[in-house]
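Just one chain follows, in the form predicted on its own, and it is written as structure tokens.
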């Protein structure tokens, strides 16, 4: 056979000397059987949503103008005048919301199952970095709309950042491009949201996946499965089909949410009129309520200490388990932390001021 298809196949084989068997052997790593349970496959969910955010974000960037005089109007044009602009904006916003939730749930799953323990401590630190970047992406994206609440939310956040010891003033100046919200602030948020944070997250995801491939997925056993179920199953096609199914479900969910609950646009920002109620996005309710319970400096120091303890927990837990072998103190710490997060979030959601 010397037809066009055969010539194309020979052309590709000569320049890409990897055949199907080699590719199958490279990708078909054994996957622990517990990943058959859907709630343990959360790692791929934020990755799908991240891709959706990048694609929709690029499309939205064609119309967005990062200046105080044009930002709100450009968002209004996207929402009301551009064909399907409201849909793209809504998909982008819902993908961001679900991504924050998925990253938090994935981090909780890893914590409660002890999958951060030796030798996977570095991957936990990378996961913490991804969590912080995800939250920062949500904050900067919300601030780009230049609504009344997003403007004042960004202003309050920058002023609170000024209370961080040593680097507070520098951090505030970096975010705002000066001592106060000015003509350069939105462009800084736009660069952070559209370039610095996505590139950082892509690098962290690459490191995260590389370490997973090197260490393998932490194996878990369930008593009801041990007698009958095999320990592993193939990545291709079994797990790949599962991930594709999850991706399809996510796309359907995003389209439904964007169609039924399109994202509105609030009043244009007015630097001379402070809203009676200033609230951040829901994923910052915990920190916002905590800040209201303490003085600014005490709240920042305590929040910083909590983040440091979270990042260092694999090593703290390792020290505890060396002192008390078999200890599951992390479970009790995790339960207290989840209850505190839920309590503060609901409290802030229900209280107007």
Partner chain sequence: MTLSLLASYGTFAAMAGRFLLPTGGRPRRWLLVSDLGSFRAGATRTFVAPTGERIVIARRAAGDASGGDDRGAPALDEFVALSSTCPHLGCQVTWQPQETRFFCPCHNGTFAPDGSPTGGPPLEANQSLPRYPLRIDAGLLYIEVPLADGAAT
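The model shown is predicted, which means the values in this text are computed figures rather than measured ones. Residue numbers count along the first chain shown, from 1.
Missing here is the form predicted in complex with its partner chain; even so, the following discussion is about that form.
A.B. asks: Ok, 284, 300, 313, 48: which has a heavy atom sitting within 4.5 Å of its partner chain in the predicted complex?
C.D. replies: Checked against the cut-off, the match is 48.
A.B. asks: Using a 4.5 Å cut on heavy atoms, which of 251, 132, 265, 204 is close to its partner chain in the predicted complex?
C.D. replies: By the 4.5 Å heavy-atom cutoff, the listed residue in contact is 251.
A.B. asks: Okay, which stretch from 191-199, 269-277, 242-250, 161-169 lines its partner chain in the predicted complex, with non-hydrogen atoms inside 4.5 Å?
C.D. replies: Stretch 242-250 is the one.
A.B. asks: Heavy atoms within 4.5 Å of its partner chain in the predicted complex: does residue 180 have any?
C.D. replies: Heavy-atom contact with its partner chain at 4.5 Å: absent for residue 180.
A.B. asks: Quick one: does residue 59 come within 4.5 Å of its partner chain in the predicted complex, counting heavy atoms only?
C.D. replies: Yes - in the predicted complex, heavy atoms of residue 59 and its partner chain come within 4.5 Å of each other.
A.B. asks: Does residue 78 make contact with its partner chain in the predicted complex, using a 4.5 Å heavy atom cut-off?
C.D. replies: Within the cut-off, so yes.
A.B. asks: Whether residue 214 contacts its partner chain in the predicted complex should be assessed with a 4.5 Å heavy atom distance threshold; does it?
C.D. replies: No, residue 214 stays farther than 4.5 Å from its partner chain in the predicted complex.
A.B. asks: Heavy atom within 4.5 Å of its partner chain in the predicted complex: which residues of 57-89 meet that condition, in order?
C.D. replies: Going through 57-89 in order - heavy atoms within 4.5 Å of its partner chain in the predicted complex - the hits are 59, 60, 62, 63, 78, 81, 82, 83, 84, 85, 87, 88.
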